[in-house]
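Next up: just one chain, as structure tokens, the form predicted alone.
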């Protein structure tokens, strides 16, 4: 028999060691009759779960209670300092007499497994708790990360709480009750219409509302597209090399075989792509991840021509195209070939990844398929966030936030670039014209892996480029995300990086 107890609060009004059972029971009775107790702060205590195994057919239930609790302490299921439930609550949950539980507590206090002090309740003794393994990470000193340069994370402290709250309040006060029913799988019509205007104005997209499906971030968009490609008989997906290794798990989950096409200073090598035989490709043309290269106009034309000649699809991950600093705006690929490009975007970099709010602009041939897959995935994305984003787009709040963030991130990018020029003059910096990260090609002869390890020992997190390569090795490089730290802390991080770079 497995019994789970949810206990309220151990009364802890009696010291078990040396006390009489009847005195203990009388004390516990008085405490149990009192009002429910709270913590010193006046808050309701945390409810705890306790699993005890009883076999009623075997008899000797009192022994089973003692043995079960003793084993739970020895195994670590009851950790040091765990506050035990009251004897009354445990007895009631187990369906045994209270005397059995009192006897078990007394015995375990005498053996040193439990301790009971007036006003502190009954707790597991530290000395009898299960020891940590000798090689446990908990016993190994770990240097905390003080300078986190992980790419792909925006400055979460700048989320526009005020405008977003105002927009949410407007939606809650004006939206009809029917707006909060089950959402349409493809998204709220208002948001699909607003995104049509926004993408056309900012990204030069050619899209109609019925071609947009609202998704829970680009990750879900890639998942839905992967499933659709498999059902369309396009089981091989080409990706750029190097590329994000975090996305490969999505493709593997849905049974896609990956082919790799190298990238250079102009973007993906379309001739090499054609040789893979793939009829679908994932690209990051506005700011290639991780190198930061922008797909050149000639390569864009070649890529579109390849898609038409091969009856292929292009999946465009437009993950941080809103942020540009030293270049003119670059339109999306979808605007050049709406019948051949799946355009994926989200608010993850512009607002926050926790919003889980994105979109897929689809060729007409894929709309019904993606709509059905989204239906079966979750019946649609949350409506309130969609309507709030509509309000932000309609009032200009979203555009104002993006303008402010471009200046914000540009100052941080400048700080990193200047610090690298000062402290690592032999390094080469790429991908600085846009986005939230840059690629640092380390001085020739640098051990990339050792540099990352030494940096971590100094409290600095950086991403190595080598794990993102598949086809051929390249120069030692690291990826730096600069969105989350202030300019001063970024300069300090670069100094730590310089200390980590050794041949």
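Residue numbers count along the first chain shown, from 1. This one's a predicted model, so the numbers in the text were calculated from it and none came from an experiment.
Unshown form predicted in complex with a small molecule; subsequent notes refer to it.
Asker: 64, 105 and 107: each with a heavy atom within 4.5 Å of the small molecule in the predicted bound form?
Answerer: Contact check failed for every one of 64, 105 and 107.
Asker: Looking at 323, 198, 319, 113, which has any heavy atom no more than 4.5 Å from the small molecule in the predicted bound form?
Answerer: Residue within 4.5 Å of the partner: 319.
Asker: Which one of 152, 292, 397, 380 is close to the small molecule in the predicted bound form, taking close to mean a heavy atom within 4.5 Å?
Answerer: Contact with the small molecule in the predicted bound form is made by 152 alone.
Asker: Using 4.5 Å between non-hydrogen atoms, is residue 385 touching the small molecule in the predicted bound form?
Answerer: No, residue 385 stays farther than 4.5 Å from the small molecule in the predicted bound form.
Asker: So in the predicted bound form, does residue 351 come within 4.5 Å of the small molecule, heavy atom to heavy atom?
Answerer: Result no; residue 351 lies far from the small molecule in the predicted bound form.
Asker: State yes or no: in the predicted bound form, is some non-hydrogen atom of residue 356 no more than 4.5 angstroms from a non-hydrogen atom of the small molecule?
Answerer: It does: once the small molecule is placed as it appears in the predicted bound form, residue 356 has a heavy atom within 4.5 Å of it.
Asker: Just checking whether residue 218 would be counted as a contact of the small molecule in the predicted bound form - the rule being heavy atoms within 4.5 angstroms.
Answerer: So residue 218 counts as contacting the small molecule.
Asker: Tell me, please, which stretch of 70 to 78, 242 to 250, 181 to 189, 166 to 174 lies within 4.5 angstroms of the small molecule in the predicted bound form when heavy atoms are compared?
Answerer: So the stretch in question is 242 to 250.
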